[in-house]
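Only one chain is included here, represented as structure tokens and corresponding to the form predicted on its own.
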């Protein structure tokens, strides 16, 4: 079946409204939007029961993002988009067997992501048999028996792939990877492959730990904070509170982004009266409107100036780093004309930024996918690390690297072993604890999995959460790859496009959400998560499950393992019954989790060790942090083309579309829009408001088309454009990936605008 753009069921060109972008985030509009969504989906009583438990020490972890909570928490410890995320999960809407009888899979494949998500919670296992177009209900025993039969019939375990979304708890993730490795493969791709893989690659290479080095209090104590390639007002709104705290303590903030973002201009804290009725807090002291992909050039220029002025920490560099002489020699060759071309900034603006750096003793650099989804993402992040190391800003209070993750436990999943390239030490510990020899050969990541499915080398796809079809790049290729499988399985809470684009047979396995009670034979259970800053804490749902037929992710994994591996020697039934037993096993396998059961029960949880932060010890091969040489290559765009970045709207979390408005950017009742600088539109002869197709142009010679986007004149960087994903994932070739990390280059898409009609 050829790929086609899903319909916009709830939007059309005539209803869309466009107004000037806002210049402040949150405040009363944010409160109204969050509570309005909650009341619509849950009703008053359910809204109170859920929202007052979000991110509380005795409550559940918000599924909306991985931003940490402080020791002192507000009664309303959630943001607008957190409230929407909770409302999506705790909705009273239900998807029943009658729904599937009325809507064949072929119809669902043409529906929009927004429409699919609005149908409500899945309620029982459903099977689409080979040759049929409708799902039908099946028992759990039949569903898991079918998966077991398909897995055991494979010629080799590597003919199956086991994907993980970052919402999976530590306990479920640990058991999932244990089952997969006991089955015999390391084919464990996850959503990190598509977002922060570049961060982990660069940080592991340079400081020896693939995680950020700061805690929340470091942001509060920083002198200078860079926020690079990130829009916290939409993607991590509670981060704005931390930035406000830092500003009140005297910090300066530099925002580096092709688009001006409302949250970094001014924040109206809805937890304070001054944020509800006052003017709020200005955040960014300096806005660098950088050209897309210009970040490597910016930090390399700053590093050259630091070296030229001898404004570096020689004592720290000598004691804790290697490679300074090579870096200094490389920086002396930097071409300023290339820097200015790559960044789109003036030399004066860069010097102004340097002045901020020289005044600061403690610097934090925060970033998100604006840095991680380019071909040169790993070199760019290595250059950020150079910038911090040159002035001793790693392993110092109020300073360090801060990659800001999206999914609420994507970092924890990696810690638990969800990794297609596991460390030998982790496999050794797993073998010692469970008495089997795990596979040592590396598995496939997300991009490699799609290639393998397309080529028929993978026959079974098993997805633990997420919406793989819409999250992955190159939509036509991804969907064809999924349809080439013999069996596709999705463990999900809600309906999405991955339930409609399926293999010969398809299973939907409905699972409990974060908000819901999880009661096993031994009593009520809780799970744990790890946030972006390495804090591990408990999450306890309180709501009655959406259906009596739901199983927890832990139970699904354990029952599947019993069906597939009856003689494994692992007591899966006991692990399903009592999650404390899982945590005991984690404590003996995963470093930093000693006495896990006791520590996770402490209010607020505990902090995982981080050698660079805690000891200024760098677990690299040399025992020192590595300064690296990163050649600068300017990404040049042919005349008449633009460099497109994909991004979220404000009514969105990854592929979950809460609504059709992007309040901060002034777009209402629509998503198929492309933001372009008015001067570029004038040069192209395209009117503001015109309809265009976005046509991706790549070295492979294959044009990829995203049809019917409304052009919006917008104050983005010249020569650049922006549009929402997943609608524009079709433009990103499967084979266009970041060096080293293999992350899709969703932030560096060369497009032309082709008028419609």
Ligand SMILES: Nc1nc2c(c(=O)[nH]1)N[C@H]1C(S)=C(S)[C@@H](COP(=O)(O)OP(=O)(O)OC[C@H]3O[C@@H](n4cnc5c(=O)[nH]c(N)nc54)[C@H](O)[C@@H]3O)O[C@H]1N2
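For clarity, every value in this text was computed on a predicted model and none was experimentally measured. Positions refer to the first chain, counted from 1.
Just so it is clear, the following notes concern the form predicted in complex with the ligand, a form of the same protein that is not shown.
Highlighted residues 177, 400 and 534: none comes within 4.5 Å of the ligand in the predicted complex, counting any heavy atom.
The stretch among 400-408, 480-488, 210-218, 581-589 whose residues place heavy atoms within 4.5 Å of the ligand in the predicted complex is 400-408. Using a 4.5 angstroms threshold between heavy atoms, residue 183 stays clear of the ligand in the predicted complex. The ligand is not shown here, but in the predicted complex it comes within 4.5 Å of a heavy atom of residue 465. When the ligand is considered in the predicted complex, residue 554 lies well away from it, no heavy atom lying within 4.5 Å. Although the partner is absent here, residue 171 lies well away from the ligand in the predicted complex, with no heavy atom inside 4.5 Å. When the ligand is considered in the predicted complex, only one residue from 648, 128, 610, 391 comes within 4.5 Å through any heavy atom, namely 648.
Residue-level contacts in the predicted complex: of 165, 112, 539, 628, one residue has a heavy atom within 4.5 Å of the ligand, and it is 165.
If you take 172-205 and check each residue for a heavy atom within 4.5 Å of the ligand in the predicted complex, you get 191, 194, 195, in sequence order.
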